[in-house]
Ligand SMILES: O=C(O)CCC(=O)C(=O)O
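Only one chain is included here, represented as structure tokens and corresponding to the form predicted alone.
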């Protein structure tokens, strides 16, 4: 399968960055991202590519790392006893996911072909306001397949370092598995702990947005300052999502401690 057979080029004319169609598309999506902190591109990949990617994920699923954890929204396993019990740093939440690292599924899987294709990387750079993006060079991290079975969920959290997150929904669950986001929960200058606490305790549901991510939809969002989660999954179908990691400079590899936590890889002795 060639990259041109993966992307829905009729809806997303991303081949020629000098064309008016490219400029109109990327400009519109960049404005939406800036205004809402997320943007969704429905039917970004074609059905045959999506079905192949799901088949690759399900074949590799027995090798996935089952990551079950109890953390606060800052991804810390321990709270802060000097703070009140209802401080966001002391509100601990359960999460459960199944992660397939980059090297655990085939090199010709459509999500890998998509990840390494320059027109996609160039489109994403334009949407997020970068002159250029580079592939991550870690053995685990560049693009993953994140799977959820019945009862799995992603708890409310902020992304720790990523300026943006890019995901591709490959297969939805029968129920649950909703991607929910509270845009602009905090800022770079204000942790806004009281408001974060209210979101975590469900006291302002009107501020939570459910982002449509049907099968085939690409989503780009800014999760560093916007709390987000995936609600508990139910039903026999595994929820399968591709997660893409691009970098601002070449040659980036991951932290071995992160790989040990997220992918279950052993950390080499120091």
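Positions refer to the first chain, counted from 1. Here the structure is a predicted model, which is why all the values come from computation and not from measurement.
Note that the form predicted together with the named molecule isn't included here; everything after this is about it.
Heavy atoms within 4.5 Å of the named molecule in the predicted bound form are found in one stretch of 78 to 86, 192 to 200, 100 to 108, 152 to 160, which is 152 to 160. Contact with the named molecule in the predicted bound form, defined as a heavy atom within 4.5 Å, is made by all three of 148, 167 and 241. Among 230, 53, 45, 39, the residue placing a heavy atom within 4.5 Å of the named molecule in the predicted bound form is 230. Proximity of residue 179 to the named molecule in the predicted bound form falls within the 4.5 Å heavy atom cutoff. Contact check for residue 222: no non-hydrogen atom falls within 4.5 Å of the named molecule in the predicted bound form. Applying a 4.5 Å heavy atom cutoff to the named molecule in the predicted bound form picks out no residue from 19 to 34.
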